Ligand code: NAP
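One chain comes next, on its own, written out as structure tokens in the form predicted alone.
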Amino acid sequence: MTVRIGVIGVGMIGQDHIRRLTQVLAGSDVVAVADTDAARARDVAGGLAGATAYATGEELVAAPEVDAVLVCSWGPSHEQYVTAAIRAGKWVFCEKPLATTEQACLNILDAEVSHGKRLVQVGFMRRYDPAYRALKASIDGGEIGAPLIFHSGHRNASVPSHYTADMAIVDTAVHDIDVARWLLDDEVVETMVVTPRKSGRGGPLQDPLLIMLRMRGGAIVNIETSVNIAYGYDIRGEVVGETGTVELAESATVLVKRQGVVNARVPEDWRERFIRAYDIELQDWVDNCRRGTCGGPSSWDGYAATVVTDAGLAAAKSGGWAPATLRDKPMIYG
């Protein structure tokens, strides 16, 4: 079976996923696209054999030739497209965020629960990164005892001019929040945001930030976001346990030792660092669609991440701890 996919939102990430689905991965075909920029949608469809450009995402979801939907549109539009796909009984992969408000996430949860089974996978690609998977295997295997502290670092060389202070939490740290929940197999109960000395490279932006998470089981997570650090895109991670530590290795595949200096490449951006994770993630989604199942990060994971980022925004304003309160977890999410 070839999964016939419709892509809603054909900006940078949408087009990158189309390239991945049509040139790298197996078992799928992109048969439809939609975008608020109709001309761009037509241009992208014109480069795909037999693909149709639809005027709206809802029309794409309803199209009989579409088996599964890939949502890569603007975050505030995710709810309408994901719920439309659920109502149509179609598999849907939604790039993060699941939705931009807690209520919108709850609406998606309610729609999926009413449908009676999972249809939605959320794009938290770090769970598919081989290095993070090795980190989790070490924790789950008991190699360092019970995890007590997770240090997570998210560093960008620079960010675009439209990047705001809130985005450090809702767009950048959201990945660290999700991976903390996954690595520790636990939920966040409260968060606090600390502002260190401000970098001179960030203009008016408060950069860096230190975001603290207290987990239900008592572990503490600290997330450093440094988004104007100049030297490259660098993702750090170390878990401190009762009997040892485990951390992500450097991402460079080789070290060059020459004239008394050791050199290693630092990735330029997220696409370079996580290209393999994106490939594995989407191939897993396609394979699950072919089997008639749904795996990977769920709508619950997307909802939990949004609740925690909202708490982070509240904590940044108050200067204290802010609670992250979740509804009861529906049974379909395990």
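One rule holds for the numbers: they count along the sequence shown, beginning at 1. Worth saying up front: this structure is predicted, and the values here are computed from it rather than measured.
The form predicted together with the named molecule is left out here; the points below concern that form.
With the site C-alphas superposed, the named molecule from its pose in the predicted complex keeps every atom more than 2.4 Å from the backbone and C-beta atoms of the shown form; the site is open. Here the chain stands alone, but in the predicted complex its contact with the named molecule, taken as any heavy atom within 4.5 Å, falls in 167-175 among 167-175, 104-112, 199-207, 136-144.
Note on the partner interface in the predicted complex: the residue among Gly232, Gly75, Gly241, Gly153 having a heavy atom within 4.5 angstroms of the named molecule is Gly75. Residue in contact with the named molecule in the predicted complex (any heavy atom within 4.5 Å), chosen from Glu224, Glu190, Asp186, Glu95: Glu95.
In the predicted complex, at least one heavy atom of Thr36 sits within 4.5 Å of a heavy atom of the named molecule. Proximity of Gly237 to the named molecule in the predicted complex falls outside the 4.5 Å heavy atom cutoff. The named molecule in the predicted complex is not approached by Ala314, whose heavy atoms all lie more than 4.5 angstroms from it.
Ile8 belongs to the set of residues with a heavy atom inside 4.5 Å of the named molecule in the predicted complex. Within 4.5 angstroms of the named molecule in the predicted complex, the stretch 108-128 places a non-hydrogen atom from each of Gly123, Met125, taken in sequence order.
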